[in-house]
Each structure stands twice: as C-alpha cells, then as structure tokens.
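For reference, the chain that follows is the form predicted alone, supplied as structure tokens.
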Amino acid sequence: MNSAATARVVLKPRRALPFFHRHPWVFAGAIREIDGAPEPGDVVDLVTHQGEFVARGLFNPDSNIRVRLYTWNESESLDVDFWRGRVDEAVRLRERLFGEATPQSAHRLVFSESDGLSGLTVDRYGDWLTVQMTSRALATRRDELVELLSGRLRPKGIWLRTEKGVRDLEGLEIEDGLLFGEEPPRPLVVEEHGVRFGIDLVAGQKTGFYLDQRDNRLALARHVGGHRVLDAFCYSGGFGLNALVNGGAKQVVAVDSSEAALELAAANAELNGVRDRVEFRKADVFDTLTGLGEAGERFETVVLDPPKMTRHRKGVEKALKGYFRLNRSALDLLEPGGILVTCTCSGLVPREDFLGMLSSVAQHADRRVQVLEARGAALDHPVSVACLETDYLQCLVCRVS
C-alpha cells in the first residue's frame, strides 16, 4: 500500500487518459504540480487533478520524462519483489520462445517498456549479459537489478553499455563497464540461423549486435539465390552473410563507414567460409550509392539498413529526405525484377510516411515497387499496445520492376 511519505505528481486537467491507458511516460508538460519533494529515483504516485490514483512510478526531475510508470495497482509496491517478478516474467517469455540458452545463443531478454521495465534493456549473448539503462530513475536501482539478473540467469559476466545522448536527456552519470563476473571475450561468437558471428560486447555498436533484425536477415535469404547483393550499412555483416550462407547469393558488396565494423564483418565472413565472395568497401554509403550508379554497376538485391536518422519529431522531415535519397539511389542500381530490402529504425517515422516516401521514390524513378513483406522486429522485441513507440522497426522486402 502507498505510504504517506510517497510524493504525488498531479496531472493537468484532461491529461490523464493516456496514463489510464497505461502509457508509461509522463512528460513534464502534462504535470500541473508536484506534492512533496521527491529525489531522482524516488517512488511517486501519479494522480489526476482531482486526486484520483492513476499509477505508480519513479521520478526524475532532470528528464523531460518526469515519471516512468510501472504499476497501475495502488496496492502494489515498487520493491525488490516487484522488480524480481518483472524480470522473471520477461525471462520466461524468452525461454518459451527460444528454449534453454546455449553458449552460442543470442536474444533480447528484457525489452524496456514492452516488458514493463521502462528504461532497462538486457541482451543475452551465450554466457554473458549486456545491460543498457536509459532511465536515471531506474539506474538508481542498478545494483539491485544486477543482483536479480545474476541470480536468475547465472551468467559468467554482465557488461553495462550506455546509449549516446542519454546522459544529456536523463542527467545520468554512467559509463560502460563490468557490473558482474568476468569480462566477455572479444570477439564472443554466437550463432544465428546457422551463421556464426563474432561480436564485440565491449566496443561494438548498441549492445553488441542488432538482434531485432534476426528474422529479417533470414527473410532476405529466401529471395537472393544467385544474386549479386549490395549490403549497405553492413555493420558486422548480418544481412550479407545470411544472403551467402542461407540464400545462396553469388556475391556481396558490403559497405560501411566504420573501419572497426568492416574488420568485424570480414572476420565473420572468414568464420563462415565465404570471405572469397564478399567485397568490403569503407565509405560513406550515400556517396557510394551515387558513385556506383554513375559507374554503371548493377545488383539483383540491395539492402538498406541505416542507423536511426532522427531522435526528435522535429527531425522527421529531414529523415524522410534522407530515406528518399538512399532509396532513390538504390533503385538506380537494381536490375529489373530485383529485390530491395529497405529499413528504418527511426520509431518516430510513421509507417504510412515511410511507405509514402517509397511511393515517391518509385514515381521519381519510373519504377514499379511491390512490397512482398512488411516486417518488424524479431519475436524477442514484442510491441506493447500501450506504448506504440516500441513498434519502431520497419523492414520492407520489395520487388522492383
């Protein structure tokens, strides 16, 4: 039960509906006043302007997301048993989806808002976990959460990864490093659909690997038999290696601006015995696509998997222009009847706008584009119907006439 000492965050009139519908983010602009003096990480109750209980969460005065909500049950405390229950529920789901973990398995264990743990992401790579915290309020419980994870999963080690920009957004002073046990090997080898990947949990992008594209990489492989494939923004080679190993592609040209990523991708190609069928190019992808078109190079398949292009709504229009440029250049490279796999992980870009961009590209290029598959993130990245921001990844598999 709520104690008398718990501070209350009072909403402005007519601002409570999203939170009754269980959206977990309370932005500063929705708040009328704060009854009490909560510190960062303190438990607070969210109430309507008339004092009606809505939900309970954690407070952060330094974030535009002032409160992250975790329970809508007034009798439920945000104590260690609560966090244990949420972690255990998330882990049980992955156990049902993937079975018992192996030294080569890789999947997401906790997906923040989708698992009712806003601000916490946990990935499992074999015997190691990576943890990412994007909430200062939740980070005040870091030691408690690490103890729960280590006790439940018995990993050899837990490594903390930080996300670019979170310090400024959350006032969060946190650095990458070992939280528990042993440091992970570099690289650590995992297996996905029969393809082996060496990944770098310490210095690789995000939490080490783009697990959300797992099933989309295999979907690509169904379409590329005998193809010459351009894998743009290749990172560690996920799409390209699946095209070669599982799809029977003839050749892959892999492009990325990161030397470290290309070195990792080349090592992965060697690991899978396909190094002789991959050409790696270190270059800006936008410029490379234009240059390839001008040089008359052609491909039967082009994969576009760029990094997030906007983190703010005001940047959506600019992002769509970037996607237009990429996809327009890709169509110039595709043979008639070729396959375009085009992705966006910019969750602020609506699906209809991304499809509208592709429609404009098709019209501008005088090509006919058919969407064969409209895909999202892998099963270990479930979408919360209360927080549609978790439906962030779009992957369109298209045929271009």
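All residue numbers refer to positions in the sequence shown, first residue = 1. Just so it is clear, the model here is predicted, and its values are computed rather than measured.
Although it is not shown, the form predicted together with a small molecule is what the next lines describe.
- Taking the partner from elsewhere, residue 91 is found to have every heavy atom lying beyond 4.5 Å of the small molecule in the predicted complex.
- The shortest heavy atom separation between residue 246 and the small molecule in the predicted complex exceeds 4.5 Å.
- In the predicted complex, residue 119 stays away from the small molecule, with no heavy atom inside 4.5 Å.
- The small molecule in the predicted complex comes within 4.5 Å of a heavy atom belonging to residue 286.
- Proximity to the small molecule in the predicted complex, taken as a non-hydrogen atom within 4.5 angstroms, holds for one residue of 299, 233, 72, 83, which is 233.
- Listed residues 103, 225, 307, 185 were compared with the small molecule in the predicted complex; 307 is the one with a heavy atom within 4.5 Å.
- Partner proximity in the predicted complex, defined as non-hydrogen atoms within 4.5 angstroms of the small molecule, places exactly one of 145 to 153, 204 to 212, 122 to 130, 316 to 324 at the interface: 204 to 212.
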